[in-house]
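The form predicted on its own is given below as one chain in structure tokens.
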Amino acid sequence: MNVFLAQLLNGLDKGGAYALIALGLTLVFGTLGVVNFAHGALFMLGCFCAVTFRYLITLETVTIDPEKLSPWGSPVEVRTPLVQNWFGDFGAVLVDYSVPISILLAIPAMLIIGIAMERGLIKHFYKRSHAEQILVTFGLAIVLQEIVRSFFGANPVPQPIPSDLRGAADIGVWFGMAAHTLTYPWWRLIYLLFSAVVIGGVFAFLQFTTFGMVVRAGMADRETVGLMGIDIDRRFTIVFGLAAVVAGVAGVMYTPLLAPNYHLGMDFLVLSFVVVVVGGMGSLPGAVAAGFLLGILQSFASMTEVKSLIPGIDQVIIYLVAVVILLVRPRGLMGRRGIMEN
């Protein structure tokens, strides 16, 4: 039972990342009709927003302490982050919590990047075929990937978990089990909660705001909304920026779990597209449901007992599920009728 619960938590945690990326992809496809193969690169850029923020706040001042000598008799250099010199203990907290605080940098940065992408490139391919959209956005993803590699190098850049959030939570006690029966890392629990909050926030924004209602109407019938005098194009540009922000903040919070590297976006891109296809192209609830479902399936498939019966199943389970879903229900679990059924 404990193993089952642990694998379920692993699956929900992994599914949260899949769902966040797929949510942005589906938002773009549902509103703009664009298959955006650069969306994984936006996740990667979000990761490097966290890297950049930590680099900036850990810039150091170097002073010489004449009272401390090295083994060779020379004065010792004392390195202190600038923010710690300026703000004292609060500066030390900023350095320690650099990952979650870097969301404040990632939100405006990813919004600007998303709007620039849509206005500068994507809008010229609205009426082009999906094949052309895939080619141009895949090319853009490669360009972004190489730009990141030129600035940050090819090696992963690990990001630390805040010191207060390291270690594991004794989840078993919460459910009346004996102490230390079921433990789970704090940061993974926080990422799962963060995913749920972001997903809920996006759905609430689309469901309960005037802006969101116009966007949903535009997804259903763009021409009619345009005839009512509403500038739907401007709203869709903002939606593209919103999708970029969702991908970016998902990347920021994932950095302590997987060290950022320049090809991280490509690693998540294929998985996220599989999630979108399984959930149903253009279906936001489908993308979220499929993200968590596939995350859980992949988690259970990675168990030693399962891999001993079917070697390598954890590497292909997501694709096997996608094949079965597309054969039985081509539009996906919650896709709109007529999409991908011809």
Partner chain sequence: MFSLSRKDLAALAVFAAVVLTMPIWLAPFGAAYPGLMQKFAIYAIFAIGFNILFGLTGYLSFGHAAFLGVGSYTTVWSFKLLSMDIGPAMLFAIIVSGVFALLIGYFSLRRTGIYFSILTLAFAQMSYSLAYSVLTPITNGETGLLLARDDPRHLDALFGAQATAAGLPQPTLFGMSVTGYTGFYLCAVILIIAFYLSQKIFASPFGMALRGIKSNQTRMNYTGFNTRPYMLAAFVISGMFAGLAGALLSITDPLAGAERMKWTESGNVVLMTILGGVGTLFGPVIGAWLIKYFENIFSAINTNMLNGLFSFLPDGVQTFVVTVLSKFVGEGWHLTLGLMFVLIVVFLPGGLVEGFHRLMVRLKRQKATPDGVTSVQPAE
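Treat the numbers as computed from the prediction; the structure is a model and nothing was measured. Positions refer to the first chain, counted from 1.
The following text describes the form predicted together with the partner chain, which does not appear among the structures shown.
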Exercise for review: Report yes if any heavy atom of R149 sits within 4.5 Å of a heavy atom of the partner chain in the predicted bound form; otherwise report no.
Suggested key: yes
Review point. Is V306 one of the residues lying within 4.5 Å of the partner chain in the predicted bound form, judged by heavy atom distances?
Key: no
Check your understanding: So in the predicted bound form, does L121 come within 4.5 Å of the partner chain, heavy atom to heavy atom?
Key -> yes
Review point. With the cut-off set at 4.5 Å between non-hydrogen atoms, does V270 touch the partner chain in the predicted bound form?
Key: yes
Exercise for review: Decide if the three candidate residues F29, V274 and L320 all line the partner chain in the predicted bound form, where lining means a heavy atom within 4.5 Å.
Suggested key: yes
Point to revise | Listed residue that, although the partner chain is not shown, lies within 4.5 Å of it in the predicted bound form (heavy atoms), from W186, F194, F138, Y97 | key: F138
Point to revise | The single option of R216, R128, R166, H180 touching the partner chain in the predicted bound form, heavy atom within 4.5 Å | key: R128
Exercise for review: Please name which of the stretches 52 to 60, 295 to 303, 279 to 287, 38 to 46 has residues with heavy atoms lying within 4.5 Å of the partner chain in the predicted bound form.
Suggested key: 279 to 287
